[in-house]
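To begin, one chain is listed below as structure tokens, in the form predicted alone.
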Amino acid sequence: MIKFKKPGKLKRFINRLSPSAMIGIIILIVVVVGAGFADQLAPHDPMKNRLIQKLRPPVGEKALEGYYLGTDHLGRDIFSRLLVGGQPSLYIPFFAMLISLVLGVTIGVTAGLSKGWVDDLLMRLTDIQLSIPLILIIIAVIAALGRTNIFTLILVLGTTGWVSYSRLVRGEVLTLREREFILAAKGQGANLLRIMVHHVLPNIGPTVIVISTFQLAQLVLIEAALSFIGLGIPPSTPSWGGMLSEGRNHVFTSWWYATFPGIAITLYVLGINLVGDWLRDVLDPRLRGTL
């Protein structure tokens, strides 16, 4: 873990914020605030149909009435639906990432600290899952379950994304398990759980944080893709992927319908990746001594 032992260390850490990292942080703040306070910020009811106002462009008199981004094919306000639709893109990838993190780190640390058949079994399971494209596994599981809800979507995404953690964490642990402090803990009779919690996890924390940011961006895209093809968020709940799917039928006549959800997804993923790049540079072991 990073520890600021001397006065001014925290200031140096903050000074390492690059312009791109600042842009990423600003994007994430806007998304979190917009989705978190969607009910207060939305100028119209995102679920209310107003057929008389369908497919109104985001310009002119209607924009002045609060339809800042136009309306969809049912006359619903796109700006309000964009705010509410950002909520699934916040909590579904986040909680799925936490599940993957716990599973992957536990399996990786266990494999790295173990020897013999335990390590071989866990790594062969990892190799099997890595041999199948992740999106195909997710689609197959969701299709087998039938209609999904938010809970099952989080569970499926979380339990299929652990391999990216397990292999990297295992590699980190293999370099740590012969270090003096690990051998000393074993010599004092510490069990596997104690070694994992008190000695291994603090040393692999930076690696796990970096993996988490990039996996979060991947999960945002996967969640949007599943909603786009009808296997994600139920159509009754606004989501960016669902809005993008609805707008594809009007892309040549009502450009704003699919454009704004697409921009929202792109900016959100960009913000996560920019912050992830910054964390990777700051937490790189070769640079850690300069903080």
Partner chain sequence: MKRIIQLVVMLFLIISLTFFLLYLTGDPTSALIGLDVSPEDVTEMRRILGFDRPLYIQYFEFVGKVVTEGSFGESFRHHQEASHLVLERLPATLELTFAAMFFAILVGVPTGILAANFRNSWIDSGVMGLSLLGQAVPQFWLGILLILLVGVQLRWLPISGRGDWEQLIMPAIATGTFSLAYIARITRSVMLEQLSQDYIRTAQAKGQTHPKVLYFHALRNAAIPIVTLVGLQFGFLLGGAVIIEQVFAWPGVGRFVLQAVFNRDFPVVQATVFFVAFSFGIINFLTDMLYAAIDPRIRYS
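Just so it is clear, the model here is predicted, and its values are computed rather than measured. Residue numbers count along the first chain shown, from 1.
Beyond what is shown, the protein has a form predicted in complex with its partner chain; the following relates to that form.
- Not one of 33, 197 and 199 places a heavy atom within 4.5 Å of its partner chain in the predicted complex.
- Screening 23-31, 229-237, 39-47, 66-74 for residues having heavy atoms within 4.5 Å of its partner chain in the predicted complex returns a single hit, 229-237.
- The contact residue chosen from 143, 184, 193, 118 relative to its partner chain in the predicted complex is 143, the criterion being a non-hydrogen atom within 4.5 angstroms.
- Out of the listed residues 130, 90, 208, 103, 130 is the one that sits within 4.5 Å of its partner chain in the predicted complex by at least one heavy atom.
- Taking the partner from the other structure, its partner chain in the predicted complex has a heavy atom within 4.5 Å of a heavy atom of residue 259.
- By the criterion of a heavy atom within 4.5 Å, residue 279 is excluded from the residues contacting its partner chain in the predicted complex.
- Although the partner is absent from this view, residue 18 stays clear of its partner chain in the predicted complex, with no non-hydrogen atom inside 4.5 angstroms.
- Contact check for residue 251: a non-hydrogen atom falls within 4.5 Å of its partner chain in the predicted complex.
- Along 151-166, a non-hydrogen atom within 4.5 Å of its partner chain in the predicted complex is carried by no residue at all.
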